[in-house]
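Below, in structure tokens: the form predicted on its own, a single chain.
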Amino acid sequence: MAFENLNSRELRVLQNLINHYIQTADPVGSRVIANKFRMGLSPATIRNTMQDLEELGLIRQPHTSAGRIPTDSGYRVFVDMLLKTEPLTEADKSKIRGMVNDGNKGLDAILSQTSRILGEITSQLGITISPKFDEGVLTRIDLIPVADGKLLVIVAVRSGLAKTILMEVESDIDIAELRQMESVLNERLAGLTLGHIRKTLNDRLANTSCSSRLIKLFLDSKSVIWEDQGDEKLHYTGADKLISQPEFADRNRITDFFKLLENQKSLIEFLESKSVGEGIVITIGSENEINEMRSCSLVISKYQTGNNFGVIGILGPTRMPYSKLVSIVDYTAKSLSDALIDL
């Protein structure tokens, strides 16, 4: 149902009710709104307006004789029509910049730090997801013999990502052969995405003077070395603070929450599916397809590193301070993208 026809009084009452509920977690009555927000309306008028909002499905009464709380639809109207972003303090900006601008650390460490600062600043669950490895541009391949019959292959891509594969090789392959193979791989493949390499590998490794045994090894093993294996990594911090919030007093909710974190593959896929556009994306309660997230909201954004994109954001109860969280996630995503330009 569309709510564009809500009048100014209904919008103001809804906005004040949600703002108060976000701060207190207590159901909100008409007298509270009248006394706190000085709307120039009597409690009776506000009560009638709240009844109208309840009939529209924007607020509900959790218990008889209690005040009202927002529904998922109410939060959606609040986010889409009433949200005013809260400027960040210089202290918060400084914390975020300091955490993501650590040039002495690789991408994985920076993303871990970023999830931590998001969790600390917001008291929600801070989340970061590394970019898809398959879309990375190859920067270097190293071939390192580690034992008889074992070869360590290190595949590094622009943006600081890398993966290692331990392969079985013939024990009589010598160092000179490995160095020649390594040189050919770097000359012919560096600068290409792993996805493109996978499609054209046979042609690109044709007509070389390298050992046929090694050429065959890399062609036969391309599904292991080059294929996208869903290597995105999820970092999260702040679960301890999150479960101390009133919404998690129900033990079943805590159980659902940790089930969600255990099933990282589904969570990563869901977050990536929601971050297809530019800017901030907010999903609220029942809008989340994963059952364990039905009482939660997400505030997420993409960040960029080279040609790749990853996801950062906040997960918490639907009663979250959207105005501040939108500013935090947006500033962090932009700061992270800036910091990773030269990584």
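In this text, residue numbers run from 1 along the sequence as written. Because the structure is predicted, anything quoted here is derived from the model rather than measured.
Keep in mind that the form predicted in complex with the DNA is not shown, yet the notes after this line are about it.
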Task: Interface segment, criterion being heavy atoms within 4.5 Å of the DNA in the model of the complex, picked from 309 to 317, 296 to 304, 36 to 44, 282 to 290 - done: 36 to 44
Open item on the list: With the partner left out here, check for me: in the model of the complex, does some heavy atom of P70 sit within 4.5 Å of the DNA?
Closed with: no
TODO: Using the partner position in the model of the complex, report whether S275 sits within 4.5 Å of the DNA, counting heavy atoms only.
DONE: no
- [ ] Check whether K334 has any heavy atom within 4.5 Å of a heavy atom of the DNA in the model of the complex, and answer yes or no.
- [x] no
- [ ] Answer yes if any heavy atom of L53 is within 4.5 Å of a heavy atom of the DNA in the model of the complex; otherwise answer no.
- [x] no
Open item on the list: Need the contact residues for 64 to 97: heavy atom within 4.5 Å of the DNA in the model of the complex, sequence order, or none if there are none.
Closed with: T64, S65, A66, G67, R68
